[in-house]
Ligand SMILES: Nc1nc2c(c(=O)[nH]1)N[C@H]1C(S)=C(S)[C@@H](COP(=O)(O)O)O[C@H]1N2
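As structure tokens, one chain now follows by itself in the form predicted alone.
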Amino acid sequence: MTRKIERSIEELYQEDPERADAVVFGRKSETSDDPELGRRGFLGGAGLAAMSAAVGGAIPFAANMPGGMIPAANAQPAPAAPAKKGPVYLDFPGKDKGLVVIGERPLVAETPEHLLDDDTTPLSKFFIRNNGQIPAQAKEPDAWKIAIDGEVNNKLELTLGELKKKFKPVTRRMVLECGGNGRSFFTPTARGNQWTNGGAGCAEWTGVRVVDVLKAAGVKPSAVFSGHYGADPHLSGDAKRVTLSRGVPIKKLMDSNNLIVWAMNGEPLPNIHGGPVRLVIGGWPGSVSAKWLNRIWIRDKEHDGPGMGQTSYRVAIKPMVPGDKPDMKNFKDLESMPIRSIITSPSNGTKLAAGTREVKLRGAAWAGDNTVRRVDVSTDFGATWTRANVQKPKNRFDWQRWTATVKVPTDGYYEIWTRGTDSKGAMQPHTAGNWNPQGYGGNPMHRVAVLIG
């Protein structure tokens, strides 16, 4: 007589984590004197066999596996949309077929970590994030107009052509990252597109420094905040409604690395990425880097456009109970993005030949306004760590590529974990912390499964 398996490991953990731990890891026997059997995460004989079968091979470091952890080999990405199972891959002109659609209206697509293995992210692999409709491509890009007004001595209304002629162009390689990157790692589920680590890319941006344009406008001492506006129509079709308008404190806006850009990786800025002209504000949520830019409003108070206030792009100051009702007094704007390190090679699910005893790793790390102090990797569920070789950034706000070689004792199933630490000592956690209703700041350690033999 065969025994029916009622649920898969991942389904069991998602629906009944206590029972899953009991089934897979076993419970401590009241008559046992063996302390190992009482250690949370220890795989007993039946549990070890079940888990090994699920991942496809022996687990050399099974004794270190945390209880309740779904193996990376079995962890499935969140459904791309309601009633759809598994990932939906993007079909868009000029884009890699491996990008995963996580929102259809508006169009949102992320880049799996293994496609972020280039030093400079190709246009074809760069993630897509929209908040409204995609406007028609500009027929005469150099005629596009941008206004700089508000708390300035000289209101400016420049065409893109004039911007190119009047100010010195510069090129910077900088990370652009969605504020919700990592949202899918929160429990309970937070609202919004369920990003893993793929809401980020690092391109070569060419444009003029925002600060140079602001100096020409003459920012008044009364300036406090900015408001950024783009030409993307609202999803409702109402021409009077603004899709999104966010801004930053004047001190951040004046950072010399911020750019008004018209080129991406040496090519005219694609329409899908905000062409013909957009903002790129380094280190902060991508929502402040307005696409299809047509106005920068300098204000004498904090900006209050759509996407500002309440829980939009804001995180809890003091930890809140996950899933609880938010207290607006306990929220602040999400500013500098958190430390994040990802493994870009090998990809999750890689199979290597029997007898392989060394695995070469590549990855990337970035840390918002900060830099990356170090990256460590582990093959034994975090019991021991190996320090990676981290390259220096090309310029401020560039990501930092890293490499490492790890040794493994036998054939079998391994999870490779990466943990970044920033220049202020902040380190990636094991699980997403500081839960908030809209899931900002989720940056747990990235892990990939590798099967040898």
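The first residue of the shown sequence is 1; numbering continues from there. Remember, predicted model here, so these are calculated numbers, not experimental data.
There is also a form predicted together with this ligand; it is not shown, and the following applies to it.
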Q) Since the chain is shown here on its own, which stretch among 215-223, 141-149, 252-260, 282-290 would lie within 4.5 Å of this ligand in the predicted bound form, judged by heavy atoms? A) 282-290
Q: Counting non-hydrogen atoms within 4.5 angstroms of this ligand in the predicted bound form, say which of 230, 338, 247, 207 makes the cut.
A: 230
Q: Name the single residue among 160, 296, 342, 178 that comes within 4.5 Å of this ligand in the predicted bound form, judging by heavy atoms.
A: 178
(Q) Is residue 125 near this ligand? Define near as a heavy atom within 4.5 Å, in the predicted bound form. (A) no
Q) Taking 4.5 angstroms as the cut-off for heavy atoms, does residue 363 touch this ligand in the predicted bound form? A) no
Q) How about residue 371: is it within 4.5 Å of this ligand in the predicted bound form, going by heavy atoms? A) no
Q.
At 4.5 Å between heavy atoms, is residue 183 in contact with this ligand in the predicted bound form?
A. no
**Q.** Whether 130, 272 and 313 all lie within 4.5 angstroms of this ligand in the predicted bound form by heavy atom
**A.** yes
